[in-house]
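Shown here is one chain on its own, the form predicted on its own, set out as structure tokens.
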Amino acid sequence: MIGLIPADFAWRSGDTWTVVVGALAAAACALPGNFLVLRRLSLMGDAISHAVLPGLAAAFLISGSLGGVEMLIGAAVVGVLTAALTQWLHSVARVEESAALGVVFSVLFALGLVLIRQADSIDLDPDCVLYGQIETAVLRTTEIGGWQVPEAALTLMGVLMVNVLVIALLFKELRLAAFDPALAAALGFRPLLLHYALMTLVAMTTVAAFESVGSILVIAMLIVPAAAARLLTDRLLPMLLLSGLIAVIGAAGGHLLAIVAPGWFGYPGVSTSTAGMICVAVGLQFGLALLIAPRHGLIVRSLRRANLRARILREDILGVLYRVEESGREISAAVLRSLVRAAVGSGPLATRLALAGLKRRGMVRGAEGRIRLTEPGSVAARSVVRAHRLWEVYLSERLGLRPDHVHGTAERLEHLAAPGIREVLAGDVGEPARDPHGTEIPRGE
């Protein structure tokens, strides 16, 4: 960290409150965002975050007040209206769901932009609504127990507590509706009502976060922490907790980056948008989760695919060597590598590594330039060859393929036949003694 943070860096109380407000906004958005991600409604969160603008503008025009209650009511009404109109266009007018969503939120967003232009007389700032003003939001404070607490923090804390309470009370219903709406309906949980309740939470949370991150950036707070948590776990409760933790870390890290990052690019003493940097910080965490997630991460998936390719190549080598020994011949390792490369198209390095792996596992041995199967290797090779020839029989007898057209397909299927499947396959084709080419099929162990 030496050199990344300037020597004259000083953390002030205003920075602490900025982080608190950002963390509350991010955590409040992340909780309902989990259910949007699970139900594949991420675009609905984006739509609501834009479509609530006419509700905000109408609340301002009717009440002439900047109070939070009017904003939340207006947002909730328009949020539910967005979901209802989208469902109506999709189910009644037969418009494709994503197209219906695009029509509704773009029209409502445009209407909101027109209305907020008419609300200038009551000090409705479009930039605040669209881009957020987290740096100045902490300046409007109220005294509580001798402490000057930002009003935005109180509002966001209230919304966060409401979200936690609703999710805790409806946890079982929301979980079932997220994973199996049909079963939820069969059990009488009324998934459509839960859907509108979730949309109301999203709308209210969106408006509460407007002052901190703005309507354009709030979608990142709704979706990115939840998407990152989904990569890290397959269980709902840990996913909720992880998304909140990611959101809080993103808020703290984003504000710190907003202060120090400009100096890295030759702009010392200059700070950039905290709201934007919070989104960058959360996005970086998503990228890290995408790489290192224990089950869904790119690194783990790449290693899993590499291990699968290596296993398949080792089995191919065993099959080639079994056929060579079956014919009564002996070959050298060099000839074996040539045969394998010709048969399966593997590269020289991959073939050498796979053969070395078989030697380490004690499945092949070499002596005087010759390569042979060991007893464990012979057992494994017979299983591979048995699966291959059974598949050839199945493809020929059950699917009617010509005998000279079955080898390539069986070459791929032989690696997918677990012992149980292999014996079911053998029973299905009547325990044949020979394959379509007249070659003997090894017996099962």
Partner chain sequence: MWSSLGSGRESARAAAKQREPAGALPHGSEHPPDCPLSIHDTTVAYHRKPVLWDVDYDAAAGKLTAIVGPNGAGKSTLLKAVLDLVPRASGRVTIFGEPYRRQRERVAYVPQRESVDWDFPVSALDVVTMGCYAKIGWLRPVTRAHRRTALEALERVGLAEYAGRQISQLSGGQQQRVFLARALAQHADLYLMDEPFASVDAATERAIVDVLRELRRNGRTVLVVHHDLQTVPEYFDNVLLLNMRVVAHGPVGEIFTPENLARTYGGRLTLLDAAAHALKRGDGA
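Just so you know, these numbers come straight off a predicted model, no measurement behind them. Numbering follows the first chain given and starts at 1.
Omitted here: the form predicted together with the partner chain. The next part is about that form.
The partner chain is not shown here, and in the predicted complex it never comes within 4.5 Å of any heavy atom of Y322. L38 belongs to the set of residues with a heavy atom inside 4.5 Å of the partner chain in the predicted complex.
Residue contact check for E143: none of its heavy atoms lie within 4.5 Å of the partner chain in the predicted complex. Although the partner is absent here, L176 lies within 4.5 Å of the partner chain in the predicted complex, judged by heavy atoms.
Remark: none of the three candidate residues (R361, R412 and L416) comes within 4.5 Å of the partner chain in the predicted complex, counting heavy atoms only. Of the listed positions (I299, V162, I249, A185), a single one reaches within 4.5 angstroms of the partner chain by any non-hydrogen atom in the predicted complex, namely A185. Interface residue among R311, R190, R352, R370 relative to the partner chain in the predicted complex, by the heavy atom within 4.5 Å criterion: R190. In summary, the region of this chain contacting the partner chain in the predicted complex, judged by heavy atoms within 4.5 Å and restricted to 342 to 350, 232 to 240, 151 to 159, 76 to 84, corresponds to 232 to 240.
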